[in-house]
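Heads up, the chain below is alone and in the form predicted alone; it's given as structure tokens.
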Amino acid sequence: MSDCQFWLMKSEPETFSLEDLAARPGQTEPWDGIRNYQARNFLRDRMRVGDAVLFYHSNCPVPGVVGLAEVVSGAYPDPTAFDPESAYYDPKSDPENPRWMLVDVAYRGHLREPVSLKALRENADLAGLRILQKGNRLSITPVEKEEYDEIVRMGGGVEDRSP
């Protein structure tokens, strides 16, 4: 696991929550709908099977890291880009030269206590965390191992809350 990278992936819990991921068959789901080129490049060029993910609930009463996931596939074309019925449809995306990619992620557990955005901001050891940088709106950002470990520590460790 020495080659493992660490990521923070945001999702609005009303759209797709950590609980939704835990309830999926095989506790695995494609991370679709990414329509930002920088986030797409992270998915396509840098994410690898085995990478660790902090699962972050955004745009909710108390945004923050709620649990852990793992990247369980390499990048492949996001089929929602080709589906006119999908909210993520992109008429300019070509199946022969796909513009948008995704990876599959698998549930790895809930933090015992969510780590709120406020708590992240108050921890001096996390000052470099990209999600805390002014103007950052990316739904996927790299995280340093030390930041990942500190957030898991702040959350009291991990527990399985599978349905």
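So that there is no doubt, residue numbering starts at 1 and follows the sequence shown. Please read these numbers as outputs of a predicted model, since none were measured by experiment.
Another form exists, predicted in complex with the DNA; not displayed. Remarks below refer to it.
Worksheet item: With the partner removed from view, which of 23-31, 37-45, 101-109, 65-73 is the stretch that lies within 4.5 Å of the DNA in the model of the complex, judged by heavy atom distances?
Response: Of the options, only 37-45 has residues within 4.5 Å of the partner.
Fill in: Touches the DNA in the model of the complex: residue 117 (any heavy atom, 4.5 Å)
Result yes; residue 117 sits at the interface with the DNA in the model of the complex.
Worksheet item: in the model of the complex, does residue 58 have a heavy atom within 4.5 Å of the DNA?
Response: Residue 58: contacts the DNA in the model of the complex.
Worksheet item: Can any non-hydrogen atom of residue 52 be found within 4.5 angstroms of the DNA in the model of the complex?
Response: No - in the model of the complex, heavy atoms of residue 52 and the DNA never come within 4.5 Å of each other.
Discussion item. Need the contact residues for 64-89: heavy atom within 4.5 Å of the DNA in the model of the complex, sequence order, or none if there are none.
Written reply: Result: empty, none.
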